[in-house]
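First comes one chain, alone, set out as structure tokens in the form predicted on its own.
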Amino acid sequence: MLTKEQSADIFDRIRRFSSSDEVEAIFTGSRFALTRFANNAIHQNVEEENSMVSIRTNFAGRTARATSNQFDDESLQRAVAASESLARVQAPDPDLLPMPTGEEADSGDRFADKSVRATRFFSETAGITPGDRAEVVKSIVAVANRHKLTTAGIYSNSESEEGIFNSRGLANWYRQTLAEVSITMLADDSSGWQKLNSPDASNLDAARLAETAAQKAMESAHPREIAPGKYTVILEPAAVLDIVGFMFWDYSGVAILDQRSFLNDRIGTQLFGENISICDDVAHALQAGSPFDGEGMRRQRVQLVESGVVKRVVYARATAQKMKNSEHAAKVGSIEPTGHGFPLPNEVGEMPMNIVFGAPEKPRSVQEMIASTERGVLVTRLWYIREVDPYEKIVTGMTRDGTFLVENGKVQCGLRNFRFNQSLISMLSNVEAMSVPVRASGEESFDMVVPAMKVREFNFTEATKF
């Protein structure tokens, strides 16, 4: 994999090869290794390493990209020529700003004297071998065998790097590691699931996760069917993550300008319950990812929702400039670049990607939520989620891998899965209790720091046959 110094040398050559007004290079690299298991045995082990440079050139507002994963002079010259040829035939973009300077982007490493950088690259995680992963899978299979279950899933580890350089003096670089485990336990007519990832592999207790998945599979065996309807639900963090993830594309200046956000004409209003606060914070101890965006701008901490009131959305540089000159400027709160843009050119602008839910005043564990519930449904995870109504933010999907009936403060039995049709606005207005937020992983959305939630009147529309 490339170092920052090697990438800087490559960028110097790219600048010499380019005749454009401005040039930018985004370097990405990763080494990813994965062990996959099914039917209580490993059946696949793969490893991939690749580095790439994406070159953007600009001629008086005409801009385009080309990429290469080879860094010899001939390959770089071809990529530069391709980018320039594409740029020259583009129509000028009146909203395109000059590339940010190093000073504008704050290219100084704001994490240099803090623990964030140190806690996101772990040599032990990067150094995990196929043998190490096999030992972890062995511990998972041992749990499955002990409970006479069948298990399947993955265990992976990776190290990645991201850097951005431009001809106006910008030079940013970031590295991190990530380990991930996903476990499904299968019984004759039931299943259980757990998933977690972390930059530090020592935070992943695979045997404990396997035991939890196994217990869910066993306790949901011979599931009952109950009538669909509106129930009090207890959503575990993975379920919360996957359903709320469908609203964060709307926390974007471009989405407001395009009139396709459910926040249009709602910023500054009490949209959710007073116990809901949400921010985007790349520096949060449980978050991961690059501290700069696709243009190299430093990511700011942004309070999106405070006590149920929508405060603002995020902006790329050009979007902020366009918003200030728009008819919406007086209705959207603070307008400034927040460091959430994607690499240019793009059509979607920006998005918050480091979501952190605020901690409740009185956290309640999942067990405490169950104990306080007269009748309801405990949900492990959701899947196959799709949007139904973009303005009311109604989504549909199904429960999976551990759905339980709760009565008189106790889990009584497993349930056949449900399909739901649920407004996220209504859901986040009906939250009765929350746990301490944790780093959670799912399948339908990106990783977030979210709590478990007890929600009243969650709308299940039909039961399934499994």
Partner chain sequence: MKTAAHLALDAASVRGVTYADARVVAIRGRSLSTKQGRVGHASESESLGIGVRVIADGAWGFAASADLSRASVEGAAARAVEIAKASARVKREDVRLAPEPAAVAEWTTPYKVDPFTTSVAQNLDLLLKVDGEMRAVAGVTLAETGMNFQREESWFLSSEGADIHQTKYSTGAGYTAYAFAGSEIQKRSYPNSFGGQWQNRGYEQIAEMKLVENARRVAEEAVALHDAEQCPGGVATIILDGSQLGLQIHESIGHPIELDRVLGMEANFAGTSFLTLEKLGNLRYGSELVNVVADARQEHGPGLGTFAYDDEGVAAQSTPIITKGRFTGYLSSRETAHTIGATRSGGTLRAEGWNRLPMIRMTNVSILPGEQPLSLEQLIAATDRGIYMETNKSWSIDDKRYNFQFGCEIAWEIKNGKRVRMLKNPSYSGITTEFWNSMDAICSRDEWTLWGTPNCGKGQPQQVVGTGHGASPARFRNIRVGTAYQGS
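Residue numbers count along the first chain shown, from 1. Treat the numbers as computed from the prediction; the structure is a model and nothing was measured.
There is also a form predicted in complex with the partner chain; it is not shown, and the following applies to it.
Contact annotation for G29: none of its heavy atoms lies within 4.5 Å of the partner chain in the model of the complex.
Although the partner is absent here, Q44 lies within 4.5 Å of the partner chain in the model of the complex, judged by heavy atoms. Although the partner is absent here, S441 lies well away from the partner chain in the model of the complex, with no heavy atom inside 4.5 Å. The shortest heavy atom separation between E327 and the partner chain in the model of the complex exceeds 4.5 Å. The partner is absent here, but in the model of the complex a heavy atom of K230, alone among R375, R301, R146, K230, sits within 4.5 Å of the partner chain. In terms of contact with the partner chain in the model of the complex, the residue from G153, P352, P237, P337 that brings a heavy atom within 4.5 Å is G153.
Here the chain stands alone, but in the model of the complex its contact with the partner chain, taken as any heavy atom within 4.5 Å, falls in 340-348 among 97-105, 340-348, 196-204, 305-313. For a residue to qualify, one of its non-hydrogen atoms must sit within 4.5 Å of the partner chain in the model of the complex; all three of G131, R381 and N421 qualify. Heavy atoms closer than or equal to 4.5 Å to the partner chain in the model of the complex belong, across 85-104, to the residues L86, V89, Q90, D93, P94, D95, ordered by sequence position.
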